[in-house]
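For this one, two forms of the same chain are given in structure tokens, first as structure 1 and then as structure 2.
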Structure 1
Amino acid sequence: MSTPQAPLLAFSSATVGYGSVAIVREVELEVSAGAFVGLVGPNGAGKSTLLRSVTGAAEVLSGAITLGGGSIVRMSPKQRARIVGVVPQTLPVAFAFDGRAFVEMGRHPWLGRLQDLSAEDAAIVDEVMELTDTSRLARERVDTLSGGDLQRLTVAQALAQRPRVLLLDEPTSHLDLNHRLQVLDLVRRLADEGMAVLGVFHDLDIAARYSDHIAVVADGSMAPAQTPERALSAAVIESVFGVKAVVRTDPVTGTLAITPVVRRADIERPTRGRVGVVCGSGAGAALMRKLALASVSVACGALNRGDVDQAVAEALDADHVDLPAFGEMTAAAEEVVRQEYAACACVIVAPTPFGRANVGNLRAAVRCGAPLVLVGEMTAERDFSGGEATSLWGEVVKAGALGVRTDEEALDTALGFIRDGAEE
């Protein structure tokens, strides 16, 4: 039975900061060989300070940080540089070196005083420049390069150190989409091959896509590192970032995808009124957001779990009846929905398709007694209910329901009903 290896980087009850000012307190974190750990949190929370404490640019005020099993406070800068490479948030001052000379600086921790690069050093530089797609920049002056090219050269320089630990502070902030994927795919591969990676991210989707575990830094402390699914729940995102979001699994990558819906501060105003929305299959998501931003509370009927509209309704705390995925409405659920719609200034029917599972929402709207606003037209492509949806639609059109073409027109019409109700 093999003995578990000690983590390459460990924070043990570590409080870090500058001078006597503590920025992040009592940090507990381990990053082992083969692990990619992401740090996320609001601006100014101390994520970058945690990285700087490893390199000596921030102070360890109490507790301990170990690097490769040794205390960092007992290491010289050269000893640290032989273990840890850094891609900083702020790009280095670009002096008039050429690209290759800039990358070659990454070999300095391994050279003696006034020692020239060996053939082995040159081969390492060639390799990392090829990996980062910077070979073409070898003879370009770095002070003439774009931010993206300089950032990739900075990644190459860090990798030229042959680090066992790699620290990333917003490593792709200047990169285009192609090179962002290239750099992060490379770092993910290096982690899989045994490198320990600790990275700071503002893009939560990117953090979730590449990190094995994520730790949230906020309010002067750091939560324990957890899987992306546990670390970045909708509740955590609202609590830490003040944003109501839909958190789902991306069908292409299989990783977590976070869609911000609204800032909590933008909907913490007194409610102007209440509007019903008949929706489903994502047809009402944008409209619900517009209503929330207009300080209108929403009742959304019965929605299946896994439906985009259900996820948005949940994020916005909109009233709705949860149905199992692919489940059908019961008569009891339909009556609850009818009563909710009856208490609304009007009910907007979004351009959702109707089948036997959800046509009960339309029946409830027709029978609730509130004015109806119909978005778009009822077509054969929308009616999978055996004709019942088309029949109900025709019934309310004859009764004087208002037809509109867009969500914006529906919102304006709903606000008009709310104003009329307030004046009565």
Structure 2
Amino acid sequence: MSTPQAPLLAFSSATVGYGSVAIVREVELEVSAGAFVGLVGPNGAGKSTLLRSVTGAAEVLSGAITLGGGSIVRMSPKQRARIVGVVPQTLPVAFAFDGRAFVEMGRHPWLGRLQDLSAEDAAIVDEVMELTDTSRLARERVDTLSGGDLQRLTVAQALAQRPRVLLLDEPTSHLDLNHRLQVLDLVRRLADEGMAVLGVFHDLDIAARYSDHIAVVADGSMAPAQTPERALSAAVIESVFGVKAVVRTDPVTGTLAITPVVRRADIERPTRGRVGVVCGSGAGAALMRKLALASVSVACGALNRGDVDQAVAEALDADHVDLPAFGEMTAAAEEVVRQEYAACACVIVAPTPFGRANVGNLRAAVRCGAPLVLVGEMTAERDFSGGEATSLWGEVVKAGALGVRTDEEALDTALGFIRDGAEE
């Protein structure tokens, strides 16, 4: 979301930290009116330090941070608090102020000494309490409130500052599902109405869902802010978090959904052996993950783009032949798959439905010569290949293929074949 005017919050080659210790170096970031920028990254990467440097709790060691065009080092705390409001993760409260008095503290930057709240101040407090759905908490003591109520009051307190820039530090990590949506929907709406928002998030789905742009902070530096799709590719997630993940578009929200598959550290052991998997439509995803965690490398035939199993195979670097979405296997692809399966200790046939697109994988498995492990039963509900899958299944059962009921049993059986192969 670009706007013609100058950014409300800008970091220009800013290095921030504490004392003489730099935490994040050479940060370049601009947040304009109406933009919602998310900061993500591993624990301790310095996301919160970046936010804290805007309000003076961390230091700008070199470069500059500007708010509304003015450098923060030349601002008094009061001037700064008129431009930027902060919603922290939690506030410790152990005192008996009521909800309204708590929100009224947000008017402090606008009041002179000994000056009481004017009618206008009171109207602003009313309005932000209405917005955050906290009006009913006006007379409640804040030290008796639930975390969700207190957090919404904290949002109200920050909004009472009438800020043009809002900083969020994992504002919803202590909120339930309902209040999480409520708070973030509100912030998104404020951004749409012209607020500049910079938020730190641990939950990547939440970050992708609400942010226009996302900047990844890792290893003491920050990558340029980009659209969530570009900023949070599977490759970035693997290099930054050390996690192999499936990144796809959530069909409901239309935003990025990130499913962590395995930690890279958990599969970085030498391979014990190789197993083929006949899968598709997600029937093999869990099995492939278990095999990867057991240090078994996987060949999984031809898979269509957009298929869950294809995404998991890609995340796990499992050998597979990419087919276009809804594309069918060619004879050449089937031969490649057959050769891959032939090099395996065994081939596990996952309880996947078979259609014309993937029945070729089953044919390749049957003809590859490696022992077969069949998970579940073949039923009419699984066979959309005009009877071919059923007849292939009958053929291999007759030829002595092993039948198992669960992924666990399939895994154990496969490990047994790998051991046998190693002993010979």
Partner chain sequence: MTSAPGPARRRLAIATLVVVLLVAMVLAVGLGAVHIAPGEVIGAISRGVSGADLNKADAVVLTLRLPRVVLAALVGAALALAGVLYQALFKNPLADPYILGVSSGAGLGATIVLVTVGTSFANRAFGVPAGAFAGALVTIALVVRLASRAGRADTTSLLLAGVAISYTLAAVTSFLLVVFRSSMHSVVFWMMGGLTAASWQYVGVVAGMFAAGLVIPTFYARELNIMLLGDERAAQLGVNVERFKLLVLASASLVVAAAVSVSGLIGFVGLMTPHMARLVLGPDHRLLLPASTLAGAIVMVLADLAARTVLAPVEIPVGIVTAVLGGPFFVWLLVRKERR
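Whichever C-alpha set is largest while still superposing within 1.5 Å between the two forms counts as the rigid core. Residue indices: 1-based, along structure 1. Since we're looking at a predicted model, the values are computed, not measured.
Please match the form predicted on its own to structure 1 or structure 2.
-> Structure 1 is the matching one, since it is the form predicted on its own.
Displaced residue check between structure 1 and structure 2: residue 283, CA, 2 Å or over, core reference | No, shifts by less than 2 Å.
Compare the position of the CA of residue 146 between structure 1 and structure 2 after a rigid core fit and state whether the shift reaches 2 Å.
-> Yes; that C-alpha moves by at least 2 Å between structure 1 and structure 2.
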